[in-house]
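The form predicted alone is given below as one chain in structure tokens.
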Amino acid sequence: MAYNPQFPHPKAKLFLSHSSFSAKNPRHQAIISTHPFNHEAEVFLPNTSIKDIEKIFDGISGFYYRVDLPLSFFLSQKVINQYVRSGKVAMGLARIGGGIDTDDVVALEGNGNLILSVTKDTYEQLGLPGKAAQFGPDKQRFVVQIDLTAKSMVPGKKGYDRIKWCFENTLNKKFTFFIASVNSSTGVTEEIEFPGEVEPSKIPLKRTLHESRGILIPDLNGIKTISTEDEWKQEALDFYEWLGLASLRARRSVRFIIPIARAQFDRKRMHNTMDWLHTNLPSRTNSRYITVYLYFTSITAASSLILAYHICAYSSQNLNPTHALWASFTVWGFQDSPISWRHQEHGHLVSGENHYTFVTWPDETYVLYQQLGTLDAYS
């Protein structure tokens, strides 16, 4: 007799929230600034053209380095004083081999916290105190955190000398870092001075603009204001699926068949879904969208804040009110990042999602989507 074991499906998480950029206690700055390790951003602007928005986004620039470094580089007093403590915040991410579940990953947060997420073998050789990782087989992975801003991080102090010895003798291999230095006051990316023997590759921001026409664009009035919570959530989820298809420039986004396909499996919702489809989607005759892709191998939180500012500027200053329907921007975090939001531990398993999407309107209302994989401590 055949035996087919049943295993529970991994449960991803999607958090939805509704607020305004002008609220007394706005969440958007915290959401962006506490999610430091990102690699790609996408802006979606319906009913506009490349010519209309090129000047809006000309101010977004930046670069990062791809560089092989030993961990002892970060213990240099020049690095600590010039980049970590001075407000010129160095941020970097590196991994060896396969990723966060199987190999060693190192990350430097903008606040000066150096994170080592390492295998059991590396941890036992390292000789520094840490704690067992929250995810994965029991005590097969460990996390070591070092505060580079601490007053004790100077030569001659016991803790500093111990860390330096370990980085030079037990964990002395080089990691390939994606790293940037961002002035915390201005958000401007700045040069990093590396030792003479280091050969960094400086990689500028790559921006690609793509225009597509003939797409049915939802006006999204149903999710801009919350009436019935369950209905609002469902419409927000329907739109999120549509936005994913539009991002891929899939043919399905032209026909918008996702709600229809779902209705075939949920007869109770078919009538409501068809009503939503016909009521909220305008004619495709003049509907068009432009998507701006901004590629960073290590996009910083500061860059994301600048991006948010430009989206708000577009929405509020667009002279033609028929154009300013809504806008969205999505930022993808590294799947192998050791943390996601607010320093919370992050793993991978079958997928390591940790990304977010803002949908914004000219009056500064926004809906926020935060998507996470199963192995993530943020909630």
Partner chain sequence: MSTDQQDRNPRDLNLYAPLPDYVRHQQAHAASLSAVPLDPVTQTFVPGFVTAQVSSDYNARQVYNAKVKDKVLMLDNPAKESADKKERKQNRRGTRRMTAREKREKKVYEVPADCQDYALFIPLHNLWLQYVEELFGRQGNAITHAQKLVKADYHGAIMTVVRSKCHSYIGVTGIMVQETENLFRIVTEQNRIKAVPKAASVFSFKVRNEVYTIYGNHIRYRAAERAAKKFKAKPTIDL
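Residue numbers count along the first chain shown, from 1. Worth saying up front: this structure is predicted, and the values here are computed from it rather than measured.
There is another form of this protein, the form predicted together with the partner chain, and it is not shown here; the text below is about that form.
- The stretch in contact with the partner chain in the predicted bound form, judged by heavy atoms within 4.5 Å, is 127-135, chosen from 110-118, 218-226, 197-205, 127-135.
- A single residue from the set Lys233, Arg85, Arg162, Lys174 has any heavy atom within 4.5 angstroms of the partner chain in the predicted bound form; that residue is Arg162.
- Interface membership of Phe74, defined by any non-hydrogen atom within 4.5 Å of the partner chain in the predicted bound form, is ruled out.
- Although the partner is absent from this view, Tyr123 contacts the partner chain in the predicted bound form, with a non-hydrogen atom inside 4.5 angstroms.
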